[in-house]
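Here we start with a single chain on its own, the form predicted alone, put down as structure tokens.
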Amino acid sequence: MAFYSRVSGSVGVITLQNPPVNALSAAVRQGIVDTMHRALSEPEVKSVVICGQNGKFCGGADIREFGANMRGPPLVPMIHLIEAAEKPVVAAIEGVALGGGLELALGCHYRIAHSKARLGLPEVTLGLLPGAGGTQRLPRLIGVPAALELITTGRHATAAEALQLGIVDEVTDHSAVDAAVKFAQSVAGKSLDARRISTYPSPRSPDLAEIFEKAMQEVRRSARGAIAPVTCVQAVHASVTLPYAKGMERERELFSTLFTSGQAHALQYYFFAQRAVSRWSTPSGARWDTSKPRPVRKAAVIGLGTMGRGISVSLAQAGLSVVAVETQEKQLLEAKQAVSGMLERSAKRRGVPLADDKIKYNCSVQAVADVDLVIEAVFEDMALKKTIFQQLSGICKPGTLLCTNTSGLDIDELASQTQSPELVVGMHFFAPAHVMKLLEVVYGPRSSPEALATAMEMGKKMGKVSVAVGNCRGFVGNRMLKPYLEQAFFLLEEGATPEQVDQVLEEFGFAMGVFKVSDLSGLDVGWKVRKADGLVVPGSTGKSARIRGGSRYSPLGDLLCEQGRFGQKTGRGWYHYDKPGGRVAKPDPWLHGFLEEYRARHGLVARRIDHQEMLERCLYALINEGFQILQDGIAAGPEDIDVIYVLGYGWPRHRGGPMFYAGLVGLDKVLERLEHYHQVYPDVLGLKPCSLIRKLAASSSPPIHRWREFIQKPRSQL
């Protein structure tokens, strides 16, 4: 709804009321129309201010209304009503003016913003475009290049940037509403002919064709198959080639096309999935809102390698006092310098005070005695981690939460080394830890709900999207990655090249294909894990070289590592690089010859593999493992898996996540293809369809939000 009042005798104030961000629901839109008519009809009112309740102007359309029969007045005529008013209308922007909220502000004659407000048109992140005049008004107001950049990226601009661009007329450090009221009084009675943006001439410049061509090339490159950014460029193009009314028609046509697209559906599903995982529950149904997290004021990080440094930065930026421990003095000095640089660059980029004084460095584990939470981030070595947890159990004060940054080791085994196993949880960060948004919070059979709630809350404070997952080898993300990698290796054995497999995955929407990612991460990382698992058998020949535990195994990665080809760090891996540390991957003739020799040695006949088979085998093996994870109770629901894969593993956001994608393709189709490939490759266990996908397909493939009904709930582990 919208509340109407009159201040200073002559200013009508319309206050949007729809917590938490005053979204433009049907009731709010109706309230704006009713109160605007009232303000315009009252002779005492000379000007109008539109603001939002609780220091937030407007967060945009109410996404919960998407797909429903839209009730209430449409947004476009409502904004036209405001713009056509004969009394000045001033938007008082506090907090946020996003999406439809900014379009509402652009319909006002003037805009006053608080210095900490953020403005933007983020519709592209939901697979849409600004559909209430944003693509037509913004270019007329600030020019085509700036409008294109904001609309196609969906990023938020600060109030200072908005002022510089010309989006707002004034910025204040005090109450934007008070400033807007004062401003409204000063412009009362003045002509509004030059203040209606829709009447501004279309932007013209001799290089417009070049600007649009460059913009289209850029969005096609960065969007990786997402259609919304491309469509945004087309809509802005209409603002310079068509009169305003015709441009609005074109905007509406393009919006309608996007609105019904599968990509918009996927992106909106993902939007809600991120919010669902923040209200986490375990598969057994235990919820965090029944367990209050412990207060954490001081934290420690043990091990200041790449991950430990990033975690230390994240904790300091969250406002915590941090004890950073590295027992090797040389590495401690290197880490201190690196962390200081990271904090300095981050502070400069974010425009916030430097948090360098939050971190105290120490060579002794004894320094963590008085902290509330410890995150162990040493090498992925179980024996080393167990030793550290034994030490921590004797050093830390009672009640200290003990966390490990392991990417897949057994949390329960580490917990067994302590006197309080209920206080042990996993906090699996993703590299670089101060940048990546995902955090897998892993609970073991003895982890307390309170410990889990504390780790989840800590992740939130650090700006992460925390997802609670159960304890198993590889947890969710890395467990699903294993069959995906296996299929990629098998495809090479059967005749594909790394660049062919990567091309298929990148055309699907991944930023990097599986072999480029492997080169970036380092082939030796997986090699060490496989050696620890007893899978690497040097010098083995014949069929035994390609079988482990009765299942098909590819030693290709092991053989490359034996050659010292570890990826980018050595300048050689699945690809060739100009030098060690190089970033540009080039096809490697040596690697192609190596594959031919390998196939000949093992009696494998290379065949031409079509793109569809490459995609299906890689993705469906990964998806099949996702269903097994749901069935095993490691993830509470498909949303958890999808958020993990989009944020942590580069799954294209516009495809919703692997589990959503399976539903989009059709569970019966995914099941049929898995059955086909398992029949062809019976020794590949990852292709044997999980019983859960069979159950869902047999139940007419229910929508994804109903899958939990079909998952057998495990007995509570908490």
Ligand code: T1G
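In this text, all values refer to a predicted model and were calculated from it rather than measured experimentally. Residues carry their position along the shown sequence, with the first being 1.
Missing here is the form predicted in complex with this ligand; even so, the following discussion is about that form.
Only one of 131 to 139, 312 to 320, 560 to 568, 233 to 241 lies within 4.5 Å of this ligand in the model of the complex by heavy atoms, and it is 131 to 139.
Within 4.5 Å of this ligand in the model of the complex, a heavy atom is found for none of Asp519, Trp527 and Lys586. Residue Phe271 is the only one of Tyr200, Phe271, Phe212, Phe508 with a heavy atom lying within 4.5 Å of this ligand in the model of the complex. Contact with this ligand in the model of the complex, defined as a heavy atom within 4.5 Å, holds for exactly one of Tyr443, Phe255, Tyr553, Tyr484, namely Phe255. Not displayed here, this ligand is kept clear of Gly9 by more than 4.5 Å at the level of heavy atoms in the model of the complex.
For Leu75, a non-hydrogen atom is located within 4.5 Å of this ligand in the model of the complex, even though that partner is not displayed. Remark: His602 does not count among the residues lining this ligand in the model of the complex, judged by a heavy atom distance of 4.5 Å or less. Proximity of Lys461 to this ligand in the model of the complex falls outside the 4.5 Å heavy atom cutoff. Applying a 4.5 Å heavy atom cutoff to this ligand in the model of the complex picks out Val21, Ala23 from 21 to 44, in order along the sequence.
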